[in-house]
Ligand SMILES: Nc1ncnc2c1ncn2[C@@H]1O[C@H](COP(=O)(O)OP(=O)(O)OP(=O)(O)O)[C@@H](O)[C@H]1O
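We begin with a single chain expressed as structure tokens, specifically the form predicted alone.
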């Protein structure tokens, strides 16, 4: 039996089943970050992620600088998804023997730029060759912090909570499509912005901190949209033991996304619901606090947020509600490293 027989999350569950824990592990496997209580005034957040050439990026359509920025940005997004502050990064590079030095220097330029923007220090790491393989890979471990009682997880959503999302989910997937199929006559301005969103995502650190400051009594669950809105909403529901209903008419679709979809004769909802790699924040808010949260975001000049649905009983599962009142199941079609057709999710 091969790894491809399993979904990504089934494989994680199988490999980590029965692992021991200790009392200092506040949050372990199954969230965006592990959370440790080391006895100090703040909790420690830890996350790691990899970017592999040919799977997550190619150097034909992204510059080394852009690849470096994105590699760190996706880790920063995990810290944002816990409401934390990033502090220190460790960078491991797996380098083909024939990799040009200017590629590595460009990669580190991007890493430095993203770290500086997030006030994060690169403090170490590792460099290794890849033997006969000709694939460049970047693996990053990121450490962050959060105040006690302010860490937000996937596990707190309750029936009746309102579901919010930052920004415009689907933009990254549309940008990726335009890079994979560049010969179509796309709207130039729309295409430029969507490609930029995909190549260098913006981790919502300030927004995550704002949600953390509101506290888990108001913001009940939080995740970043990495695998796709449907899949990541599914993670919240699974960890919280609830269902969810999404209002199709409320989904925020950017003008650029709609313009690109129109030129292709495609439904933009597919990108918005299942596209992934947006690194927006998806979160739930306790009933009666919706206007409070919206007012705080507006006052802070943070990213736009949109209420897109409601948490329901677990038995209802994930559902879409159309403007005419019709409902249907929302199927999860998000990215999975082992079951998604094709090899590359990014360029």
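Numbering follows the first chain given and starts at 1. Note that this is a predicted model, so its numbers are computed, not measured.
Just so it is clear, the following notes concern the form predicted together with the ligand, a form of the same protein that is not shown.
- Contact check for 8, 29 and 78: all three have a heavy atom within 4.5 Å of the ligand in the predicted complex.
- The ligand in the predicted complex is not approached by residue 290, whose heavy atoms all lie more than 4.5 angstroms from it.
- At the 4.5 Å threshold, heavy atoms of residue 49 reach the ligand in the predicted complex.
- Heavy atoms of residue 331 never reach within 4.5 Å of the ligand in the predicted complex, leaving it off the interface.
- Contact annotation: residue 12 falls within 4.5 Å of the ligand in the predicted complex, judged by heavy atom distances.
- Per the 4.5 Å heavy atom criterion, the ligand in the predicted complex is contacted by stretch 222-230, the sole one of 90-98, 222-230, 207-215, 123-131.
- Using a 4.5 Å cut-off on any heavy atom, the one residue of 121-157 that reaches the ligand in the predicted complex is 154.
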